[in-house]
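Here we start with a single chain on its own, the form predicted on its own, put down as structure tokens.
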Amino acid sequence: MFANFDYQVILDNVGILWDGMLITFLLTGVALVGGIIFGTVLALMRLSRFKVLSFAAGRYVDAFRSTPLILVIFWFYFAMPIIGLQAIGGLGSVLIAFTLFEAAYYCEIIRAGIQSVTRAQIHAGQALGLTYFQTMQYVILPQAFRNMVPVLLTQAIVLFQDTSLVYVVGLKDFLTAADLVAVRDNRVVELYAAAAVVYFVLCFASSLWVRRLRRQYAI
């Protein structure tokens, strides 16, 4: 199968592939940052003493975690023009979809991280005269995020892989760019092999980094 493997077709299309990878990185970065920020808000809502906030956050998490990501992408891609938000465009709608979807998963990770910090830390903050939000900001969340870093990064690796699903709406990410070149030049083996190697190298290197962080934080 690899007897006629043409490396030149990969080199000739590095620019197209790199443009696609930039879209993949953009989706990953925005969804990661936005998901963590919104996920933190959701986690605090779920841990709130106010049942309305806790209930609303819980149903949000349940709804998104029970829905396939590919369906969420479809929803937002086609819903934005319907509700009059055409200006957001395809990329904007997908960014929103990924951010809101990832927030549901980061919410549970962050909630578990907050609960991993002992109640004594909260009492210590209260003893110093800190309000609930000050205690969360200066005492609990810094410790919780330190404990959560490996898990957050593991979810980021999954997110990076999931960005390939945007092909369903025609967004030109890395995998879609490879597919377009493969079909155009009739070099399916070369382009898909190159895409597989790139995904494997990036994800494997990230996994090793996460494993190293786990060992450091365990110490």
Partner chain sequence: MIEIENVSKWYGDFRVLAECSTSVAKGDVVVVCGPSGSGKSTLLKCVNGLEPFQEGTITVDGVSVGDKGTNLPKLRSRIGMVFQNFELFPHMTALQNICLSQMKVLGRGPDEAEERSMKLLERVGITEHAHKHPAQLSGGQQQRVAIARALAMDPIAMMFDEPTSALDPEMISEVLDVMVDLAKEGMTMIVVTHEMGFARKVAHRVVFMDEGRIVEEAQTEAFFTTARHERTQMFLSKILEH
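Because the structure is a prediction, the values reported are computed rather than measured. Positions refer to the first chain, counted from 1.
The same protein has a further form, the form predicted together with the partner chain, not shown here; the description that follows concerns it.
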field: V139, I88, L95, V72 - the one with a heavy atom within 4.5 Å of the partner chain in the model of the complex
entry: V139
query: How about A79: is it within 4.5 Å of the partner chain in the model of the complex, going by heavy atoms?
result: no
field: V149, heavy atom within 4.5 angstroms of the partner chain in the model of the complex
entry: no
message: I'd like to know if L130 sits close to the partner chain in the model of the complex, meaning any non-hydrogen atom pair within 4.5 angstroms.
response: yes
field: Heavy atom of A112 within 4.5 Å of the partner chain in the model of the complex
entry: no
message: With the partner chain taken in the model of the complex, which residues across 109 to 143 come within 4.5 angstroms through any non-hydrogen atom?
response: T118, A120, Q121, H123, A124, G125, Q126, A127, L128, G129, L130, T131, Q134, Y138, V139, P142, Q143
